[in-house]
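Given as structure tokens, the chain that follows is alone and in the form predicted on its own.
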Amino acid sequence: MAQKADLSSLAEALLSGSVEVVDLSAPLGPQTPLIKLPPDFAKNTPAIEIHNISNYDKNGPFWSWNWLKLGEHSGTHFDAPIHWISGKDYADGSTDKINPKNFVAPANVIDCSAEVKKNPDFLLSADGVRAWEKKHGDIAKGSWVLMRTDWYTRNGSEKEFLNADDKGPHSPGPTVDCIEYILSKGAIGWGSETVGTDAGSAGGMTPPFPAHNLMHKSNRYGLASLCNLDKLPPKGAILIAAPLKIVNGTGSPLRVLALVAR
């Protein structure tokens, strides 16, 4: 009975607006910034294409619809464990096999926006997470850890969003010990506002790309290109991040939502 009452209360709160649904996703279309791999690799994610099938015309007089061409890791997207070599052997590591209960979880939002404004290469360390915990409380097992940087405000310009020069991309992210620490706390996933879950400098870390390497090695998840984390409290929001049920999917564009009490 208590569970039914709780769900009824949530439904009433959603209808009344006392619980707000916050959209954490960027628009998905031909202008969406996409990650660019180094020239040593032959292939990059193709540009997003949206093609019309019919638009209330001779091809379909009463309906309008499109077909899409896009990569799994385009725009605001979910990284499944099999996306990385360290997680390739998990039987439940693809988007179609992950337990759906893992798509709804509490969120911890660590505000690094002031540091990133001064230094786009800012890295969040384990000590930084511990300092946040002292102020806001421990990261609970099964919850998301999200790095707020306000980087999403650059999302309208691919040049500013990728922020690369001849030395490589310059964007914030976690250190190796940061990811190791949140995994020790039992975090279900790591999320960022940048084009990928790692920092621009992550290729030079040991191991390289720790948000990918270590999270997926532990059968955990990633969220990239998040938006509007500045609209969430440090604790208390519920994150809903359900990827498309792509067969053997390594990831998926998705609409990430947060439930926030107002």
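The structure presented is a predicted model; accordingly, all values stated were derived computationally and were not measured. Throughout, we count residues from 1 along the sequence that is shown.
Not on display, but discussed next: the form predicted together with a small molecule.
The closest non-hydrogen atom of residue 83 lies within 4.5 Å of the small molecule in the model of the complex.
Interface residue remark: residue 148 is not counted as part of the site for the small molecule in the model of the complex, having no heavy atom within 4.5 Å. At a distance threshold of 4.5 angstroms between non-hydrogen atoms, residue 227 is out of contact with the small molecule in the model of the complex. In the model of the complex, none of the heavy atoms of residue 47 sits within 4.5 Å of a heavy atom of the small molecule.
The candidate site formed by 103, 217 and 220 is entirely out of contact with the small molecule in the model of the complex, as no residue has a non-hydrogen atom within 4.5 angstroms of it. Across the options 73 to 81, 167 to 175, 94 to 102, 133 to 141, residues that bring heavy atoms within 4.5 Å of the small molecule in the model of the complex belong to 73 to 81.
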